[in-house]
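Listed next as structure tokens is one chain, alone, in the form predicted alone.
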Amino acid sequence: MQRTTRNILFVSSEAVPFAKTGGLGDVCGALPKILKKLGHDVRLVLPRYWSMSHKAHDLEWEVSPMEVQMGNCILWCGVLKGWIEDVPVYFIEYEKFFGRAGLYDDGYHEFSDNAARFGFFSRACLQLCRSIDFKPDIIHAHDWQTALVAPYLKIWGSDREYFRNTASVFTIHNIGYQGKFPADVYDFLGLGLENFTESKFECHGRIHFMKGAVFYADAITTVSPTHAEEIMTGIGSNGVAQYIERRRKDVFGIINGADYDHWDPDNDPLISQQYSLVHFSGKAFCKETLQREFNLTVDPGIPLIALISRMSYQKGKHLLIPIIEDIVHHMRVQFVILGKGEKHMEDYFGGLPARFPGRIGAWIGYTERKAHVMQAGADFLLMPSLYEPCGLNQIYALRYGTIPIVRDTGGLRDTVIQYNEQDGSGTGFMFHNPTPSAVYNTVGWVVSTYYDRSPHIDAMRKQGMGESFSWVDSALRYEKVYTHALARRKVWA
């Protein structure tokens, strides 16, 4: 049967290799490439942040100037063009909003004009379609930063006819960040007072970007089946369950794929020695490299646990603070820690290497190279997340023969198979309760297994490296969502 190909516009605040703060950047850098290979005409739009050099990324002017009408004014911006392989990438350049260090904050505080910045970006993406004569069948928006795209498609008078047959898909990557802002920017956004209601944009007198997207989008996705159910319950939704549950028939959970062109120890140029399931000896060399780089005692026989994530409440790093010292005192184990975020966590974890030399290493910040070195060299990857919509690091870890230790939630549940002590099967260790004691006991279980049941560790590594989370599988599921969204769009036409 002949497949239907479509015009698809991806709208995102970040995408690898141009900008990344988390999994959103990985997804929007990888999924458009796969959809392009499946035959779709895919375009991607990003803000042109200060960090994106015209020269370094081979950006060329596409449109200049471009008029963008906001609610009560007209702004003028430029548009540059680059590429991710054969996918065109357009960059909205407006120095007042994006010509600054940081994507969403200055490192510690969110920018006070984020509502205006990303409201403007959403409007500019729609104007870009007109300017380059690209009429999308689907506009796929991601997280609160582009949440206004779906509403603008349906309520902005001058756009309604041009986009009459364009359906919107809104993907929630992290429901903890919903885009709540003071109402004084509402006139600038031009959303109309008739839409400032409890079911759409109003939330205790403030503007709520994600609620508006949930109301107006033709389909809503999140990045794992388990998390799709969690966000329709009070526990996992951060207060928006009732609004998402109303759209249950239009809600889908699709596991993120892994970009194995970029994350595979068999062809990874960033690690000290490449290895594979068949030729596994290189991992021992990578472990030694990791221990030396983080000033740990070089010892091939000690279990080495890595943590690679933001230092935030969501990622569960606060659960380690009461127990990591006890773990190091009572268990023969090493830790390496990579990440940045909340200042008190940076201070605490950044100070541990001086207090536990040779046992704990830490790098406050993030570099892609260090993340690869850690995935390749560690024995285990700890992800004690309070909630995790999908998670990519545990998927990468499986491919690198690094066994995940995860909380039983969201995409972690959907991608990790619990270790069975009876036969050694499974791909990781899971715990349920988000408590320090649960983390402590699970790490104890891991360390015991490492020393006492080493054949089980070998079997888990092999099983994990044999797992595959292909972006092609995910893209085929998104195609079905796009078909659903187009059918749903007709209700609004």
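Note that this is a predicted model, so its numbers are computed, not measured. Position 1 is the first residue in the sequence shown; the rest follow in order.
There is another form of this protein, the form predicted together with a small molecule, and it is not shown here; the text below is about that form.
Of the listed positions (123, 283, 399, 315), a single one reaches within 4.5 angstroms of the small molecule by any non-hydrogen atom in the predicted complex, namely 315.
Put simply, of 360, 392, 89, 220 only one has a heavy atom within 4.5 Å of the small molecule in the predicted complex, and it is 392.
Picking from 271-279, 242-250, 382-390, 81-89 the stretch near the small molecule in the predicted complex, with a 4.5 Å limit on heavy atoms, gives 382-390. In the predicted complex, the small molecule sits within 4.5 Å of a heavy atom of residue 24.
Contact annotation: residue 160 falls outside 4.5 Å of the small molecule in the predicted complex, judged by heavy atom distances. In the predicted complex, none of the heavy atoms of residue 166 sits within 4.5 Å of a heavy atom of the small molecule. For the chain shown alone, residue 174 is a contact residue for the small molecule in the predicted complex, at least one non-hydrogen atom being within 4.5 angstroms.
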